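One chain comes next, on its own, written out as C-alpha cells in the form predicted on its own.
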C-alpha cells in the first residue's frame, strides 16, 4: 500500500500537468473570439472599394461640370442648368460663334461685379465628351474611351481631372448676377483629387450600377 508521503509526490506532477492543460485550453478559447473581433472590426471600418469612384463621380455629375458638357450645341448655366443665355452655341472649335465667343465674356477669372464666371481656357466640352443625360457609369466609360476623350491615356486623364484650372474652377465658382455664391461640388477639392488618384492607382475600375 502506497504511503501518504509517496502519494503526495505522485499527485503533485499530475496536478501540474492538469493545470497546464486547462490553462492552454483557456488561452486558446480566449484567442479565437479576439481574432474574430479584430477581423470583424477591420471589415466594418474598412472603406468601401468603390468609395474613390463614388467621390469622383459625385463631382463629375454635378452641375458645375455637366453644364459645360451638353449633349447638343447649347451649353447650360445656373443652378437650374437652364440653356445658356443670349443664344450661345458651341461653334466649330467649341469656343462659340462669331460675336458670341466664350472669351468675349468669360475671362481668366471670375468677374464678381457682373457675375460672369471665368477661368483659363473657358469653352464648351467637345460633343464627343457630352455627359448630359448619361449615368455616372456611362460618363466614366466615355471619359476612359480614347476615341471620345481626345486620345488621353489614364495618366493624362488624371492630370486633366486634378490639375486643369477650368476643372478646379468648380471649387471657386464665384457669384451669380445677383451676387449669390454659386453652389460648390459635394466633395471638397482635396478629397476629390485624392479620390481620382486613388481610383486610378487601383486600376481605374468602373463598377456596374
Partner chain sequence: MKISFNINGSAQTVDVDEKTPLLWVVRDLLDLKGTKFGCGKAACGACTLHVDGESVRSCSFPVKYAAGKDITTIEGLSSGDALHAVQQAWKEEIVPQCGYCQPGFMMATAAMLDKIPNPTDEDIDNNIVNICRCGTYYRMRKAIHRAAEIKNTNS
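Numbering follows the first chain given and starts at 1. Keep in mind that this is a model prediction, so the values were computed, not measured.
One more form of this protein exists, namely the form predicted in complex with its partner chain; it is left out here, but the text below deals with it.
K.L.:
Going by heavy atom distances of 4.5 angstroms or less, which of 104, 81, 94, 135 would be at the interface with its partner chain in the predicted complex?
P.N.:
Of the candidates 104, 81, 94, 135, 104 is the one lying within 4.5 Å of its partner chain in the predicted complex.
K.L.:
In the predicted complex, do 86, 98 and 109 all reach within 4.5 Å of its partner chain through at least one heavy atom apiece?
P.N.:
Yes.
K.L.:
Contact with its partner chain in the predicted complex for residue 116, defined as at least one heavy atom pair within 4.5 Å: yes or no?
P.N.:
Yes, residue 116 sits close enough to its partner chain in the predicted complex that at least one of its heavy atoms falls within 4.5 Å.
K.L.:
Contact between residue 155 and its partner chain in the predicted complex at 4.5 Å, heavy atoms?
P.N.:
No, residue 155 stays farther than 4.5 Å from its partner chain in the predicted complex.
K.L.:
With the partner left out here, check for me: in the predicted complex, does some heavy atom of residue 147 sit within 4.5 Å of its partner chain?
P.N.:
So residue 147 does not count as contacting its partner chain.
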